[in-house]
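Starting off, we have a lone chain in the form predicted on its own, written out as C-alpha cells.
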C-alpha cells in the first residue's frame, strides 16, 4: 500500500554521504509508489524541492504516515518532533563519532559530538517503529541502550557509485608513484592519518617509489589536526611521496581507484565507510584496520588486520602489488560483495522490506 513519507535531514548537499542516502531513499521509495517529501534547513546543489522542517508536521495527514529522520548530528528539532508526532517514526542512524577523538583538536567538534551522542538515549527510549542502521555496528549503539532487535534493521546507505563507475577517468593530477596507496575520506582524527603516514614511511623503506594519494578535505575547524598531520609527514621524511587533493572531482576519484594498488583504510572509528564500497565496486583491493564497522563493511573482500602496524600494512600493499593471484582474488571478492550487498537493487529491496515490517505492527 502506498505510504506518505516525510524525509528529514539536518542538511542536504551534493556528493555528501548522508545526503546521497536521503536522496537515494527518496528516489527508491517514489519508484515503489510512495509519496515522499524532503525536509531540511539547508540544501546546496540539490535538484529537488526541499521544504523547511517547520512545515513537516503540517504536511503529515495521518498516524499511518512516516517521518524518516537521518540522525548524524545533535539537533533538537527532530528530537522534539519524534516526541510528539502521532505519525510512525523511523530513525535512520548514521553514527556520530565519539567526542574523545576530537579532544585537543577542536572544542567545537567535541561539543557537537557530545550533544549528538547524548541524544542516543532519548531516541532509544522513544520506542520508534523502526531503527534503521547503516551497519550492525551502528545498531549496537541503540541496542546497548535497550532498543529491541525486533525494531532494528540493517540497511547500507544509498550512494552514487553507479554514477562514479560511469565516469571517464581523469589522471592528469594523479601521481605516477608505485606502489600507490590510496586514502579517501575527510581529514579527521578518527581516520588515523598518523598511522597512514607511518605505513607510507614503512612502504617507502621497502619500495622507494611508494606513494600515497590522499583525497579528502580538511575542515578549517580541524586546522590543528591538519598542522599536526603535516608535521608527522615531515618527521617521517615522506613529503615527496604524498599527493594531497582536497578538491578532487568525480573523474579524478574514478582514476584514483583505477590506479591505486590498494585503498588503505586505518580508521579507528567508522559507522560504515562508503569509500570501501567504492573500492570494491571498482575493483580496488582494500587493506583495513579491524575497527568499528570496517570488518563488516569489508567482509571477505580485503585484508583486515587487528593492528595498524605500519610494517604489516606496508607489506600488505606491496604483496598485493606484486602478487597477481592475490590481487585478482581480492578484486573478484570485492566486486561480488558489492553486487550481493551494496548494489542499488539490493538496497531498494532492503528498504522495501524494512518498511513492510513496520506496516505489520
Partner chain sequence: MSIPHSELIERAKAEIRAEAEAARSRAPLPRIEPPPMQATEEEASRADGIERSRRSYAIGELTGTDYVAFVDGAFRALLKRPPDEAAASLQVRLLANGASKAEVLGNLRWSPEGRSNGVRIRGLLPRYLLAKLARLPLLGYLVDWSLALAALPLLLRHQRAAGTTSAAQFAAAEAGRQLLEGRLTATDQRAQATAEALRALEQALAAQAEQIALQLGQLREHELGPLRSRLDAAEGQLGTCLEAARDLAGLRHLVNGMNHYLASLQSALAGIEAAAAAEAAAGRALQAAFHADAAFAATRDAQRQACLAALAARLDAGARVLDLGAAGSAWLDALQAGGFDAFGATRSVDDLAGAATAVEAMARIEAASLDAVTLAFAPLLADPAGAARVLHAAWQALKPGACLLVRNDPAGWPSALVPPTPQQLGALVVAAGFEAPQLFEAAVLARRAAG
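As the structure is a computational prediction, the values presented were derived from the model and not from experiment. Positions refer to the first chain, counted from 1.
Note that the form predicted in complex with the partner chain isn't included here; everything after this is about it.
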Could you confirm whether residue 47 comes within 4.5 Å of the partner chain in the predicted complex, counting heavy atoms only?
no
is_contact(residue 269, the partner chain) in the predicted complex, heavy atom dist at most 4.5 Å
no
Even though the partner isn't displayed, in the predicted complex is residue 228 close enough to the partner chain, meaning a heavy atom within 4.5 Å?
yes
Is there any non-hydrogen atom of residue 326 lying within 4.5 Å of the partner chain in the predicted complex?
yes
Of 231-239, 171-179, 133-141, 270-278, which is the one stretch near the partner chain in the predicted complex, taking non-hydrogen atoms within 4.5 angstroms as near?
231-239
Counting any non-hydrogen atom inside 4.5 Å, which residue from 194, 75, 244, 109 sits next to the partner chain in the predicted complex?
194
Which residue among 215, 164, 152, 124 has a heavy atom within 4.5 angstroms of the partner chain in the predicted complex?
124
Counting only heavy atoms, which residues in 195-233 are within 4.5 Å of the partner chain in the predicted complex?
198, 201, 202, 205, 206, 220, 224, 228, 231, 232
